[in-house]
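Taken one at a time, structure 1 and structure 2 that follow are two forms of one protein chain, written as structure tokens.
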Structure 1
Amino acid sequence: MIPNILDSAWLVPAIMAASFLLILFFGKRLGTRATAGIGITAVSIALVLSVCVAGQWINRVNNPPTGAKLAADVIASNGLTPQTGRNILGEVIATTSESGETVAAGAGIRATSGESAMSGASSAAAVAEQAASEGSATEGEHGGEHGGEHESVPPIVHATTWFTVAGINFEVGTLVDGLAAMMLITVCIISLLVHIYSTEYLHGDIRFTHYYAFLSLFTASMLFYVLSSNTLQMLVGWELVGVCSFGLIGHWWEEKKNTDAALKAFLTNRVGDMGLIIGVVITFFAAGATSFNVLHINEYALGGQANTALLLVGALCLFGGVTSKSGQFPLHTWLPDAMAGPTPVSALIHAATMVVAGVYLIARLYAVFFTGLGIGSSSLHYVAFIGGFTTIIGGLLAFVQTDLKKVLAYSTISQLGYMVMALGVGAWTAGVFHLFTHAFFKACLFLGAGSVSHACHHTFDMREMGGLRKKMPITHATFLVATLALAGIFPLAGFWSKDEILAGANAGQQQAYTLMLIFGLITAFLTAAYMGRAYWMTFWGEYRGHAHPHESPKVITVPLIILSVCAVLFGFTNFPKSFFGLQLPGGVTTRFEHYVEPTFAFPPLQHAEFTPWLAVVSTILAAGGLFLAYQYYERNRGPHGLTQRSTVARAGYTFLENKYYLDVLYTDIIAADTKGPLARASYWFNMNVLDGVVNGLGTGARKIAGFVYRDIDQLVLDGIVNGSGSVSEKSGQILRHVQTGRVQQYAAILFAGAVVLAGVFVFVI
């Protein structure tokens, strides 16, 4: 009996968190080999569990739950129990259609336009009873016949109370569906290969234990984020990923540029995170201020009673976090500087973890963006435009880089823009599919760059490379495969995901995003051209360096081979239903879409079909970009020295070389003004206002103290005390003369007193 790992998915991030603690407390005592072994073993187990999660999810999609099980899953997905089921946002009723097939209906599964997610059963218990009674008959008569291509399957949600405020229970839990399963596998594969690769790349590093501890925590944080069932929990994972990236980017903190890069990444992300926090708060209150539950928020967004204006503001605030974390214009400037960290870290950050966290956020809360931005109902909106624009600006900046890793960094910015643009035009599956394929060929490219650096005396300057294809055949072959995949050359993985994005921009929701399509086609050409430039400069021509390059050891080349194979094969996981007239059985086409795209609390998307003319045009553009790069950098043909001859060309090159002057704006104007005039103004205010107030209070207190001492204490209080003493002394002197010792005198005084007392009684009383 195979255990249901879908109910225990929390073990995946927990194992990596345990690895972090073990390495942190015992790593230095055990030595570097044991430290690496702990990390590799942990991520290997996490990968096996992730594969089990994916396998069981596929089985769940092929055999969807019915009856009471279906109702229970729907209730759990909303974070409810039968006792609190009266607040359920959808209705799930298992019925039998006329054809005898089991179908699932209700707004709580897949909301359609004009359908309120607030409609449905009056209580979760009633839903469970009705579904159980009808579903049991269905299962008895038609067991095994369900599982159609478009049947709705609720995710597996398990949550427990985290804390309670004002009677509202805030939960922590896991949400497992196709999207989460895909991300688990992607993160674990890349992380495992990075762990293995790092044993050689960071061999002998002074902070080897520190590095592996952060690597485990980084992986655990991303896995925790991916499995989060609510936005508050996602926020925690989001920030943990940011903290880990800070530590890994600044791993070699002895060099100031590395610490500067880490601080830049950390602070830039904090700017966007302010928007993210506000967006989380807005969506919480918009959905009734009862739960941060992701599905609850998505269902509200799809309901007919949703406040679209509030959702628009919430979506744009959430996108602020996406802008910084996923390197979208204008907060992309931190990402190339992050190359200061070790190369395996760059591969992990830029392929499968930190930078795709923002893309995952849009995909997970897609109903909010879909409704708030009116995706599919307009030809342009902010998110789609920023994504498309980022593809262009990132691609152009890659042309003026001489550092191989920075070429790949700007390529990542451009490809992240591709993903965001796809989600913005309604091509959800295409955007997430590109996230999936891009992770493997981009990780291959980064680790390939590390292999080249490892052989070329730790330099990434392409001007000191060349001719390495003969000296490093495995690195060269894998780098070439990944380059062609990134360029979108058939039949590699990048071709399929890029083509889906372009088709979606053309008419994904029966609404052409013409400008986005143009951006996408331009980027197809730019990507091939700048990657061709990097490839020719690195592996062709004559070697221009001073080291003696040689092929890297197997611990480096084997991960490269694995990633290059993934870059070849994984594109076929979403093979179109029709490819230039070729019709394949439905059971082998669009598998990625079938298993990964949500069917619960998800907008009704229309998927673009394979478009032959777009595939041909984009392939020609990509091939043209590679050919022009070959002619210019290998054959030495073209307008060389143009920047010296043309003022316009020189100005354009300078503009790109200075990265659109955004760093000047942020560093020399905003930051400098903070440290310069604003700092001086603050100093003046401190010295003249705050210190004046403090000094004035001190002077006033001193004068008041002098007055109290001199006039009140010395004259009044001391005068009273001294006067009472003098009176007592004089009274004593008088009384001393009365006491003579004569009895007759005392008797006379006593008689006089008696007379006075008698007079008082007579005249007064």
Structure 2
Amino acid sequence: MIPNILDSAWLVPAIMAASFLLILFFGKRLGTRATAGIGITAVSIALVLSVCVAGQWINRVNNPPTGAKLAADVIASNGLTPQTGRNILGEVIATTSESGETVAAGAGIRATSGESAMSGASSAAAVAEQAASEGSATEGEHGGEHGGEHESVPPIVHATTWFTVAGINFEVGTLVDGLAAMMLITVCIISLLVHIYSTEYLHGDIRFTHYYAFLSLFTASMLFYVLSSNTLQMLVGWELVGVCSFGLIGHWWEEKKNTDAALKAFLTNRVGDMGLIIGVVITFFAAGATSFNVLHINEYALGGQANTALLLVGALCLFGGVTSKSGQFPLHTWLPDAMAGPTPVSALIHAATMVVAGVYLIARLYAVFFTGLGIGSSSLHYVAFIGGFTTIIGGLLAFVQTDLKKVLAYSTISQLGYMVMALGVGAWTAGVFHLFTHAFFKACLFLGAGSVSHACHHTFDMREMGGLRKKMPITHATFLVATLALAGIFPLAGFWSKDEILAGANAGQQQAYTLMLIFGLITAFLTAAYMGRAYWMTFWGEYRGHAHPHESPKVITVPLIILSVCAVLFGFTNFPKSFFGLQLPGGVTTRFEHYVEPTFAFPPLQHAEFTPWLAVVSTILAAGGLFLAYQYYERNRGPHGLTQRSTVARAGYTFLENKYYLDVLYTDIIAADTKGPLARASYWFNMNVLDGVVNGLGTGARKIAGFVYRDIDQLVLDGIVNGSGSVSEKSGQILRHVQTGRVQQYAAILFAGAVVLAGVFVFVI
């Protein structure tokens, strides 16, 4: 029997961490080949394990635990306070009995449940027995599936105490469910391909070893983050990926431009992290101040007694972290600058994995956002709006870029906005699905851009490209596939996920998100248009550069091919139940939703059905975008030179070129003023006011001391002392004349004295 990898999922990040340590300590000595070898081997193992995890998870969903085992799973995995344990158990038993499972008596529960849940378990045993007697006949394993719901399959949680302070148990552990398994696979596949790709791309780089060490550390941190069972652990992983991003953006740190970008990325993220830290604290206290456990917090948020206002604040604070990490307006500005790092890194970190950490956070703590923002009930709310808004502003900015990577970077921002918007409108599966598909085609685009630049003397300037389709056929083909996938052309991956988001926004919750739908449709058009622009500028027309482009070697092209295949195929993982009347069997459709969407501690969501008219409209828009781009950039038709003729167009262009002046606001106003005038003012205050007071006290004390010394001590007190001295001296001066030194004189005086005394004796007495 295959060992149950679900229970030892910690191995996946651990392998990457081991790889990091190996490379860190021995990389220099082993040489570049061995270094890359270590990294690639480790990721391969991690990928195999991830696939096992996914497989076993699918198996678990297909054969869900039932009755006592289910209850035991829930209790043991959550390891919560007896109070919460009881609540969860009650709910589990309720749901299972509803769906027609036979709930066995709680005999097994006591044996498997954790100590902390003992009382909960024993009391729950009674509930279980009761439920068992009331439970109706079984309905079949996939009984509930037809309605889009299936059995509640609790995630597998394994947590151990990290440390305990003041009764608060800080845990570290793994939480494996469909979402985590999906992320594991995504991260591992892309990381593996990037590892391989980099052997060629960074061939001969001065910091090859460092690069691979950081790649391993990044992958380890990302996997650690993905598998986190609690928010604190997520915070740790979150920050660690941030540092790796910092190190990799600043990979060529000799140049100030690169380090500036690295700093900007880290600091912008820190601004958001501030929100994340506070959000973690708030959700912790909101959920009873006993545990950081994700499921526990979600459970609480869904429970009736949740403090909605506090959850709203918590959700918004958490969203602060999402805003920075996932490049949402207005903290998206670091992401284009982050392109200063090596291209494979951009593909891995700044397109496929790290930047979706924010989206993952929302998906993970969805109940908090759901309840806090009232996703199910309210109309417009902050998260959905920001997501929608980001898609548009990112898409617009992509038009004015001449740097191929920056086009992709803004595209990433735009697509991340899509995902956030999807989660914001309640289309959880759509958002996560888009995360999944986007990772592959965007990584493909980035690596393709890297391949192009590798051929063109390391430039990313599209004005120096053109006509590359003949010289680099494989790169061209894969880039085209990925572009079409991103544009959302049927039947590529992007089509399915984008369409699901649009359908979700359309169905929404009570049709409240029409604005988001409009945003989404506009973006569908924009995406196709700017990707068309980039594609035609790069691959068509005449070559405008000075290098001699040639197709890249296999190490580069094979990952591209793999990714483009993913971009074609992965869209079908969530094939709709009904596609223009085509109804495939239930075991094939919406598999992604079936396996990935949590069924435990998860808010009740409506699932939007495939909407034919939306699919048609969005495809027309995308095709239109591509067509217009073709006309404008390839055929040179359309209003060229508009920016010269029209003031409005010029103003708009300038506005876009300056990135909405946000960078001016951040760098030149906020950052510059903080480290300039404000810092100087503080320091001035320190040196002149505070230190002035101290020094003033010192000077004052010295002055007073001077006065005391001169005027009191020296003049009065010492005056008395000195006065007595000088009086003696003066009198001595006078009296000295008496002392002649003549013995006979003395004797005479002596005798005279004796005579006088004698006289006194004789005559007076």
Partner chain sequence: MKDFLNSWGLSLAVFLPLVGAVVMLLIPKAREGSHKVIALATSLVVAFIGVLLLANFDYDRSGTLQFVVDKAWIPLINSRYIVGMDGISLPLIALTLLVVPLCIIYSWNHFPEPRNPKAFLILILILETGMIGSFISQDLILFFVFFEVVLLPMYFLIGVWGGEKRQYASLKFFLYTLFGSALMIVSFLALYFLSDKVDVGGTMMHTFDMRLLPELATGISTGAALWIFGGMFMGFGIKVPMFPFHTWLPDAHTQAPTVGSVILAAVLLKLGTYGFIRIAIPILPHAAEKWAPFIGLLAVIGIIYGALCCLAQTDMKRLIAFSSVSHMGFVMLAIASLTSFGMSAAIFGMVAHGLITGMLFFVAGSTKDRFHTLDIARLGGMLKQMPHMGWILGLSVMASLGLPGLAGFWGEFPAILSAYNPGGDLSVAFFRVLMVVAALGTVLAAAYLLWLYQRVGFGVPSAEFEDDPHIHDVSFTEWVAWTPMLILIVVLGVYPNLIFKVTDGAVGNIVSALSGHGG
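Residue indices: 1-based, along structure 1. Whichever C-alpha set is largest while still superposing within 1.5 Å between the two forms counts as the rigid core. Just so it is clear, the model here is predicted, and its values are computed rather than measured.
Enquirer: Pick one: which is the form predicted together with the partner chain?
Expert: Answer to the question: structure 2 is the form predicted together with the partner chain, whereas structure 1 comes from elsewhere.
Enquirer: Please determine whether the C-alpha atom of F25 is displaced by 2 Å or more between structure 1 and structure 2 following superposition on the rigid core.
Expert: F25: C-alpha displaced by less than 2 Å between structure 1 and structure 2.
Enquirer: Has the Cα of A427 moved 2 Å or more between structure 1 and structure 2, judged after a core fit?
Expert: After core superposition, the displacement of the A427 C-alpha between structure 1 and structure 2 stays below 2 Å, so no.
Enquirer: Taking the rigid core as the frame, does A352 move its C-alpha by 2 Å or more between structure 1 and structure 2?
Expert: The answer is yes, as the C-alpha of A352 shifts between structure 1 and structure 2 by 2 Å or more after core alignment.
Enquirer: I need the CA movement of R702 between structure 1 and structure 2 once the rigid core is aligned, reported in Å.
Expert: Value for R702 between structure 1 and structure 2: 4.4 Å of C-alpha shift.
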